[in-house]
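Shown next as structure tokens: one chain only, the form predicted alone.
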């Protein structure tokens, strides 16, 4: 065997080995009350699997920190104690609550993490909703301005009894962003991370933009449109995620902070933007605000688009997407 053939044989072996190893790696797991999906391309099989697992580990970590369903979470401790005294919290939780409050300001209170002051009375699995008396008692506690942050001492306090906060409208998007950062720092160029209605992608898939579907709100298996994405996030809030129906009325988990009750003007709101924390919060906000006010807000923001399906099933697009249709 000549040296040339020997070198060529080694080169061919390396190419074949590389081709076998390089692949897409996908993992799914139930976390944060939804299905988490991570899909990524990596040249090394073991490293690809390890990074997919690292994303799921990060999702579990944030769930342990911010879940209202876990009595030992940091957020549960805040809800238990903050109406009596300031509660020292991690900088991470403080920072996300601060971002949530900033969205409350931008949306005129349509996004309000204190909605949970009434939300705690709903049990969608058991078809339970608050009584009139419970709502009347809860409504004064729903006001994001009741949440007081001390950035120097890293504390959260409530200045009204009965206040309860829930980060369900922003925490999944935040977890998706954190996971994408883990992958980016590891050198991953093409990936998707999804937490239920919140998805963010980097790069492309097989040389083309990722395509994320917007679900038909009244057909579980139906898709009303596909959105091509590269290095973007999309979040959808819908009245089909957690709900029950009673006497023809759908009671779902997206509450209007001013009433403590489910909103009914919109079936779903999808927001496209640069990061999932923002799109998550805005999708909830626009759902509450409705078509006219919601689109007015989105059209005032840069690099942000929306697809809204109203309660008649009609689709409405923000200015940038409307031009494309």
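Numbering follows the first chain given and starts at 1. A quick note: this is a predicted structure, and the numbers were derived from the prediction, not measured.
If you look for the form predicted in complex with a small molecule, you will not find it shown, but the lines that follow are about it.
Considering non-hydrogen atoms and a 4.5 Å limit, which listed residue (204, 216, 143, 241) is close to the small molecule in the model of the complex? Going through each option in turn, the one that passes is 241.
Select from the listed residues 192, 255, 227, 163 the one whose heavy atoms reach within 4.5 Å of the small molecule in the model of the complex. None of the other options qualify; the answer is 255.
Has each of 115, 168 and 237 got a heavy atom lying within 4.5 angstroms of the small molecule in the model of the complex? Each of the three qualifies.
Among 70-78, 153-161, 169-177, 90-98, mark the stretch whose residues have heavy atoms within 4.5 Å of the small molecule in the model of the complex. Going through the listed ranges, the match is 169-177.
Hey, in the model of the complex, is residue 52 touching the small molecule, heavy atoms inside 4.5 Å? Judged by the heavy-atom cut-off of 4.5 Å, residue 52 is well away from the small molecule in the model of the complex.
Looking in the model of the complex, any heavy atom of residue 284 within 4.5 Å of the small molecule? Yes, residue 284 is a contact residue.
Does any heavy atom of residue 298 come within 4.5 Å of a heavy atom of the small molecule in the model of the complex? It does not: once the small molecule is placed as it appears in the model of the complex, residue 298 has no heavy atom within 4.5 Å of it.
Is residue 212 close enough to the small molecule in the model of the complex to count, meaning some heavy atom within 4.5 Å? So residue 212 does not count as contacting the small molecule.
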